[in-house]
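A lone chain, given as structure tokens: the form predicted on its own.
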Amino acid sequence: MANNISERNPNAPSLGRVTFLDGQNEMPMLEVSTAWSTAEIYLHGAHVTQFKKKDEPPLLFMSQCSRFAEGQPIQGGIPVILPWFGQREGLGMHGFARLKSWDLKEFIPAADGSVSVRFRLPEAPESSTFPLFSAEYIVTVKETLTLQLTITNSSSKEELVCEDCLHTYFAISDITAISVSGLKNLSYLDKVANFTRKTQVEDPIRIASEVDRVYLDTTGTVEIVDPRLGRRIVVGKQGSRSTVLWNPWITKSQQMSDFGDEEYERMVCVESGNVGPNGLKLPPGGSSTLTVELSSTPLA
């Protein structure tokens, strides 16, 4: 099933198209096409698995070993991490939102030719340990990819304490060739060193070993410079006070059953959210919106 946005909005400057498809293992997927780009979004986890500008390599990395199955996380793209980040005792890694089939509420054409798709997290038994809350997620596709996750505390009495994160995997030429900037002088928790708190000194950052860092109290833009692909990836954000930088490197890649042994060479995660000491504390009726805009430009 397809829907031509121009038929609904004749004043749109370009053709927008949403196609409903069977994706990997026949899991339902949306393909969104605009004049500038294409994207793929699975209902499972409201998971963006592809964003590609025309005449440019894909922006997002996907593991060739990823499982596409109910109850299993998709490895790569942009997992939605909610309502907790990392490991919790007796619970799964990174919350349950990425394991649920989200409700597709609508897709929205805009006058600028972009297409927005709105999802809502369905009620889940796993949420019973939290105050009643809702989560809405809007993915907007144009020459940039914009992601907007809104968490609302629906309780009339209890505070909602949770974490959220858009765990974005970026496709790169070679991990040893890229640099990451925008995190200088920030404090971070080094998970590789047992959560030791450190300060980022070098800028830009070059990666030559396993990296797993939670940068705290950071609201700024991060850039990934990839000379071999000739592009700069820009990660802009609002409503986020944490940035996570991750690459599993050799040993951890070999330990992950849904990740290729050498795939660490072609990916880096720059994740935006509110985790750890920057987690969300929403009063009754309160809400928080995390917005991330991903763009790329050619290197001069």
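One-based numbering along the sequence shown. Source: prediction; values computed, not measured.
Just so it is clear, the following notes concern the form predicted together with a small molecule, a form of the same protein that is not shown.
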query: Exercise: D212 in contact with the small molecule in the predicted complex, heavy atom 4.5 Å; finding: yes
query: Distance check, Y188 to the small molecule in the predicted complex, heavy atom within 4.5 Å; finding: no
query: In the predicted complex, M256 touching the small molecule (heavy atom, 4.5 Å); finding: yes
query: K142: touches the small molecule in the predicted complex, heavy atom cutoff 4.5 angstroms; finding: no
query: One residue of A193, V201, A208, M93 in contact with the small molecule, assessed in the predicted complex (non-hydrogen atom, 4.5 angstroms); finding: M93
query: Among the candidates N153, Q75, S127, Q148, the residue which, in the predicted complex, approaches the small molecule to within 4.5 Å (heavy atoms); finding: Q75
query: Per-stretch contact check against the small molecule in the predicted complex, the hit in 116 to 124, 220 to 228, 172 to 180, 85 to 93 (non-hydrogen atom, 4.5 angstroms); finding: 85 to 93
